[in-house]
Every structure is written in C-alpha cells, then in structure tokens.
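Quick heads-up: the structure tokens below are two forms of one chain, split into structure 1 and structure 2.
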Structure 1
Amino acid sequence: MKAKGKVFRYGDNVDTDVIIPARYLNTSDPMELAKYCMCDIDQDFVKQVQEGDIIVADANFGCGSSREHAPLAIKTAGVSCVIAASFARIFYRNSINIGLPILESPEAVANIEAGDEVEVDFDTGAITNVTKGQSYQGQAFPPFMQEIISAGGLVPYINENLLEK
C-alpha cells in the first residue's frame, strides 16, 4: 500500500478537540464530521485538502479525549496518512481501528514542510519527500495491521476474515 499527497503541517499537541471540536459531535456521520475537520486550528483545511493528502505533525498528535471521531474525520476528509514525531496511544489505536494509516518518524517530521509532496510506502515504512528528494524511515506496520488498514478498519476486517469463515 502507498499514499502520495500534499502536506498539511502542524505542531505539537494537536488534540482531538482541535481535530474535531466537541460542538460538532452531535452526529456520527463521517461526511458531516469531515466538514469540520481541523477547523479550530486551520480554517482553510477542509477547503484545500484533496483526496490522498497527508498530515505531518510534531509530537503527541491526537492527545486529549479518546473519541474515535477524530481519526474518522481526518480519514473522511480525504487524508491518506498522518505522519508525526509521536502519537497519543489511544489516537494511534483508534486510527488503526478505523483504517487510517499513521506513521511515527521524528526525522521525517523535522524535514517536511507544508506544501511538500510526500509519498509513503506502508509495507516498508519508507517516507519520501518528493519535493526535496529526501527519504526517511518510519516504522512499517506489522502484516496484521496492514490487513486491518487495507480492509478499511477493524470492523470490516473482522467481517471479511472472521465472520465469513
């Protein structure tokens, strides 16, 4: 699996209340959530994000509440991957559960800027900054996690692989 897109760049401690503010949690409709993704930190995000684009952030991305709405809003907005120096653990797990690929790579984060075009190979963890001609190494997903992400999340994975057998 690979992703390629333009980078939206954020700093440290981007919490789930910024990713999808609580005032928009009166729905669980992914398309409705996506309309407000990142609106409190980047009002132009939903107007500019294109299918396949990538979020790059510093440390502790996804901290705050454990709501699954945050990675769901990001994925439904069209983001193909989030790369960060580190993630809040519950956000990391929620992302895998809903099929949003995320990679930790402090080196990549230190060298990638907003607007750069980046390509990610999820099988190997390779991150290539196409704009700058630089490559970095992130942690590749174990095969079972790749299967969950490829299926679109944990529930579709279970439906495809366990319930049908």
Structure 2
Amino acid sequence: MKAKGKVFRYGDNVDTDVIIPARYLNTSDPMELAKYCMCDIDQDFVKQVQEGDIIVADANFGCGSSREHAPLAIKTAGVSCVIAASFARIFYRNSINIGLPILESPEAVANIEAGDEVEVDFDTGAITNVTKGQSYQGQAFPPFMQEIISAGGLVPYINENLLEK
C-alpha cells in the first residue's frame, strides 16, 4: 500500500481540540466533521486539501482527548497519511483502529517542508521526498498491528478472530 501527496506541515503538540474543536462534536457524521478539520490552527486546510495529501508534524501529534472524531476528520478530509516525530497514544491507537495510516519518523519530520511532494510505502515504512529527492525511514508496525491494519481495522480483525459467527 502506498500514498502520495502534498504536505501540510505543523509543529509540536497539535491537539485534538484544534484538529476538531469540541463545539463541532454534537455530531459524529464524518463528512460533517471533515468540514472543520484543523480549523482552529489552519483555516485554509479544508479549502486546500486534496485527496491523498499528507500531514507532517513534530512531536506529540494528536494529544488531548480520546475523540476518534480527530483521526476520522483527518481521514475523511482526504488525508492519506500522517507522519510525525511522535504521536499521543490514544490518537495512535485510534488511527490504527479506524485505518488511518500513521508513521513515526523524526528524520522525515526534520527534513520535510510544507508543500513538498511525498510518497510513503506502508509495507516497508520508506518515505520518499519527491520534491527534494531525499528518502527517510519510518518505523514499521509490529506484526500484531500489521494484522489489524491488513484486516482493515479493529472491527474486521475482531470479527475474524474473536466474534466468529
């Protein structure tokens, strides 16, 4: 599985309140949530984001609340992958559980700038910066998480393994 797109670049501690502010959480409709994705940190994000684009951020991306609305909003807005130096833990597991690919790579984060064209290979964790002609290594998932992701998320994984009819 691969992703390719233009980069939106953010800093440290991008929290779930700016990814999707609580004032929009009186719905759980992903399309509705996607309309306000990142609005408190970057008003142009929803106007500019294209299917396949990539978010690159520094440390502790997704800190704050447990709202799954955050990775859902990002995924539904069309983002194919989030690359960060590190992720907040609930955001990390939520992303895996709903099937939003995420990669930790401090090296990639140190070199990628806004607007760069970046390609990600999820099977190997390889990240290619097409604009700059560089490549970086992201951390590949352990086998257990690979299984969840290749099943298509936690729901199909559990249906296949724990709740067989």
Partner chain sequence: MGMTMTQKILAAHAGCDSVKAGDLIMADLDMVLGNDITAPVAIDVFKKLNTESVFDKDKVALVPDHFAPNKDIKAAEQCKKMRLFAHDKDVTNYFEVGEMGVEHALLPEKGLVVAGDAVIGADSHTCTYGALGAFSTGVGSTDMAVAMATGKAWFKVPSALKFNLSGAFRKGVSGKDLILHIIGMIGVDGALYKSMEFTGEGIANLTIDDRFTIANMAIEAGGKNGIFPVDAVTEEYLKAHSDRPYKVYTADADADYDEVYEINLADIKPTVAFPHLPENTKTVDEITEPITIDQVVIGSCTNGRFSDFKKAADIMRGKKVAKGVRVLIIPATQKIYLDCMEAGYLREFVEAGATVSAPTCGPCLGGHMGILAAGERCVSTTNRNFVGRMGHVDSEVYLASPEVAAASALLGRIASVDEL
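As the structure is a prediction and not an experimental result, all values here were calculated from the model. Here, rigid core means the biggest group of C-alpha atoms that superpose within 1.5 Å across both forms. All residue numbers here follow the sequence of structure 1, with the first residue given the number 1.
Problem set entry | Correct structure when looking for the form predicted alone | Structure 1 is the matching one, since it is the form predicted alone.
Problem set entry | Core-superposed C-alpha of residue 10 shifting 2 Å or more between structures 1 and 2 | No, shifts by less than 2 Å.
Exercise. Residue 151: with the rigid core matched between structures 1 and 2, does its Cα shift 2 Å or more?
Worked result: Yes.
Exercise. Taking the rigid core as the frame, how far in Å does the Cα of residue 141 move between structures 1 and 2?
Worked result: Its C-alpha moves by 2.7 Å once the cores are overlaid.
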